[in-house]
Structure formats: structure tokens, C-alpha cells
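This document opens with one chain alone, in C-alpha cells, the form predicted on its own.
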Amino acid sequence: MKALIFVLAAAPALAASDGATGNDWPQYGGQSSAWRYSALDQVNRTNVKKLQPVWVFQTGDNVGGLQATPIALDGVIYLSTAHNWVFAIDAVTGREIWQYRYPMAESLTIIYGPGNRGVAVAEDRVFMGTLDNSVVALDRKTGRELWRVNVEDSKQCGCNITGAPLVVKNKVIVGVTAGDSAHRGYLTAFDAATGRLAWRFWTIPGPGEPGHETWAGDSWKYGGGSTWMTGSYDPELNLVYWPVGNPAADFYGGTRKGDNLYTDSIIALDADTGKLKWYHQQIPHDVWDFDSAYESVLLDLDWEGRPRKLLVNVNKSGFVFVLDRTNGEFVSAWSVARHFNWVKGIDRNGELIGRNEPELGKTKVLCPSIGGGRSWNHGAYSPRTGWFYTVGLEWCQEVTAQQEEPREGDAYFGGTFKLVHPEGEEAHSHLDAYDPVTGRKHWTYRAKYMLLASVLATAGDLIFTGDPEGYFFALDAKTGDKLWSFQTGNGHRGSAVTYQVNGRQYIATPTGWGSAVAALLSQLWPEAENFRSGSALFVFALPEE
């Protein structure tokens, strides 16, 4: 549908290059600015066709797929799996150095099945969140467990930690799932050396706290607001930016009247104290399950004649929100999905125009689907082109809202849904190159099925990602032309990285199809039941001279 979307008219200048990675891939988003961009260019547009596999590491944890981002530091890769196994692997040979298997309880509450998106590595330690809602610290050289702390009883809360931690200074910061269950969300920081609690920020304000008035009655107690993905950090401002998920129940808001702060918001917290500095709520009173939970990309751009510190966040609805990250001021919004009817657009102040909400007891077709106009798999920003590369998903759903009573820790959707194709065409996805502030599209690459793996951009003017059928491929960053592909044997749901050891550049991609969103594809394509799972890390390089 045609949309009224407000964007500014001028084109931004290229950002500074401090968000790029070099020989290592040290953090979940590459750097704490979440560009997912590498300054390595040994593999480039002219020679990528020569790329070949040099080793493969099979984890053996094949249920749930492999959704993680590998961390590459000093010639070692640190990789976590769906059931909280951690491996240290020689980055050149693929030889296992050590492995750690978290002692998982026999009985767990996991609404979406097992999954883990990565570890954090800082100094001499490796940090991971677990399916039973704990955080562990491991010795980086041996894999020996140094400390373990339980955040909250997962059997009671129905919550887990699936996102990668973020280490800021001497603190390890972790989020929590349960945005679709009866639970009150939070963000927690622990002392990296001891595991002692440093601070906690409740994403749903309690009685007496600012924002509590945006929740009717006792709905705040089970209002969702999960922090299930990984945030960003600006060391100059000393601010942690964390995206917050949807309110619960997802599709029925009659018992939680109000804006429901701080769900569907970007929150900026003081890194030392966890105190709220500012917030921007993208979707007040969300009744579509459209999290703001995806990456917050930090860009310094010349904009409207002066330098601006910006934050670019893709909402699950498919809309991209651009904010001033010093104060949360709305700058612009644009959509990566063409098929949307949940709103007519977004105005110059960031306000929603023409809300189209689910109705109690009535089936309605809404776009995009619960899978999102984009899933959690990250986009990438290249300072060479000045473009942001991200996926758009074109699928819809028949949704029926229903009233439910919350039971702590249980699923709390407030409705049912069934995926359907958009009107007039088959469901599909596309990977596109955009101006990050105006949303001007420069090229598009169309895919038959949903692209659910993260995007990697490099100084070789290459864009890497993978598809559900098992193909890992490279596109020309300037034109979108496909330059190379390789069949890995398993579908792609994780995040590729690149690193360099002894002067040789490597491209590493996790393979192994899985996750709740991946399971939805069979509602539209029955053959998706046959997409292969598994859990392996494929590593590629150019032939040695």
C-alpha cells in the first residue's frame, strides 16, 4: 500500500570509521556501535569468486539450529550453541581448544524452543546468558567456570536469556525474554569480575515510578517488555542504548489501556548506574507484537548542515526509526516492508497515522505478520557507500484478538494468528541498500523465501548473508549483483563475521536452520518443513598463494 512516511530531504555525509572491525570481530555487533562492518578488504569484488571453504566445525548441538554470532579474538573463535554449549576454536585450523557445556536443568520453560545468539568476551573472560535465565563467566583460556548467577527462576517467570551479553567497562549487561508471556521485563548489569548485581532497570515502571500511570490497573505486573536482543554503547556519552520488546498480551490491549511504557521503546541508560537518561517510544499501546527489540546502529553523520549523533533502529513492524542519540529526538522514519496496513504511515513528529488494530473475536488480515517486516537478524552499515543494508519481509496474517487471563510465566498472546500471502503476490523477502536516514533505496535483491540471517558488510565492497535453503552468498555492495555462493548443507539463521590471522582474511558463517520464526515458513511453503537444521561453523578464505 502507499504510505505517508515522513523523512528529511537532504543526503547525509559518510560517517566516521570508528565502527569498523579490523583483524578481530570482538563484539556481537562487530563494535559497540553495531555497524556489522569490517575494514578488511583482502576478499573483495574482484576476487570473491575464488573464495573456498578452509574448515568446518560441527558442534553436535543440532536441535534449535545455530543462531549465534561467532566472536573472533587473537586467533581464537568463541561460539555458543542452542543449548548453551561454548567452544573455543583455533581460527586458522578449526581445531577445538576447549568446550564448556552448561549444566542445564531437566525441566525448563522455553516458549520458543532452545536458542542462543552469542557470547561476549572481555579481558580474560567469556560471558553467556542461559536458557534457565542465568549468567556464567568462563575462563577465556581454559573454559573453566568462574562464576554463575541466576537472574530469576525461569520455571516461575517463563523467561530465558537468548541474546548475547554486552560488556561495558567492568559490567556485563544482559536482557531477558518473555515479551509474549505474563512477565515484567528488565535489564540487568553484573560486575564482570564477581557476578554481583550492579544495577537493574525495570522496563515496566512500578507504583510510584514515572510511567506507571501508562498501565491500567495491575496490568503492569505481567506486561511483557522483554529485552531479548543486544544493545549498543556510546563511550563518549557513556550511554547504553537498549531496545525494548512488545507489551503482553500481544494482540489484546483492553486490560492494559494506556501507552504502556517502556515497551516498544529505545531506552538510553547511564552505563554506571542504569538510570534512565531518555527514551523514545515508537509504538504506544502496541497490539500487533511489533518489538523495538532489534539492533541500535550508532552513526555520526553530517545532517542538515551540522554533525549529528544518530541512532538507527529497525522495528519489528518493518519501520526504521532514526533518533538523535543524545536526547532521543525523532529525526525520521521509513519502511523496509512494502506490504503493511497496521498503520497508514508515520508523521513528521514520529506519531502513528491511521492505526488498524486487531478486533476482539473478529478475524482480520494484518500486514506484516507476527514474523515481522524484518526479523531480529541484523542489518549492516558501510561507511564506504554510506548505505544501510537490511532485509524486508513481505508476509501477512489472519489475526483474531481474544481476552486471556495472565498466569505468571505462561504464554500470553491475547489472540491467534495464521500466516497468509500478501494480496496480489506471493510472500517473499528482499535484501536492500538504503540511505540510513531518508530510506532512499539504491538497489534490491529478491529472494523466494524469508532471509533470516544477519548481513555482513566489508571494505571489499561485499555484502554477505545466507538463506533457508543453505546457500551462503556475496553481493556487490554497490549494485546488489550476486557474485558468489556456496551450499553449506544447512539453512542460515545466524550472523556471519570476518577476521584476519597472519595476513589472511577469513569469512565465518554459522549454519543450522532453527528458531520460532523459521518454523512459521511452513505455513506458507510446505516444503520449508524439509529445510535442513544442524549446527556447524563454515569458514572460507581465498586460496593461499
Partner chain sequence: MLWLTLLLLAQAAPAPVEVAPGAAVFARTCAVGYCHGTGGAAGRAPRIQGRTFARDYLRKVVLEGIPSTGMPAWKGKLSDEEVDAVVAFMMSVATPGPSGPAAAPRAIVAAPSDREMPPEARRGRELFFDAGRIARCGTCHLLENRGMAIGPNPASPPPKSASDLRKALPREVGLARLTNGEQFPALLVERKDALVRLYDLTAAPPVLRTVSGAEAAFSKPAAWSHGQAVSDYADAELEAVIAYLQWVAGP
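No experiment lies behind these values; they were computed from the predicted model shown. Residue numbers count along the first chain shown, from 1.
Just so it is clear, the following notes concern the form predicted in complex with its partner chain, a form of the same protein that is not shown.
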Checklist entry - Honest question, do Val92, Asn341 and Lys441 all end up within 4.5 Å of its partner chain in the predicted complex by heavy atom distance? => result no
Next on the checklist: Please tell me which of Val501, Ala519, Ala39, Leu483 lies within 4.5 Å of its partner chain in the predicted complex, judged by heavy atoms.
Outcome noted: Ala519
Item to check | One residue of Asn150, Thr142, Asn327, Thr273 in contact with its partner chain, assessed in the predicted complex (non-hydrogen atom, 4.5 angstroms) | outcome: Asn150
Checklist outcome for this item: Assert contact_stretch over 397-405, 263-271, 350-358, 170-178 against its partner chain in the predicted complex, heavy atom within 4.5 Å, equals 397-405
Checklist entry - Is there a heavy atom of Trp278 no more than 4.5 Å from a heavy atom of its partner chain in the predicted complex? => result no
Checklist entry - Does its partner chain come within 4.5 Å of any heavy atom of Pro26 in the predicted complex? => result no
Checklist entry - Within a 4.5 Å heavy atom cut-off, is Leu146 in contact with its partner chain in the predicted complex? => result yes
Item to check | 4.5 angstroms heavy atom contact with its partner chain in the predicted complex for Ala122 | outcome: no
Checklist entry - Since the partner is left out here, which residues of 404-418 would have a heavy atom within 4.5 Å of its partner chain in the predicted complex? => result Glu404, Arg407, Glu408, Asp410, Ala411, Phe413, Gly415, Thr416, Phe417, Lys418
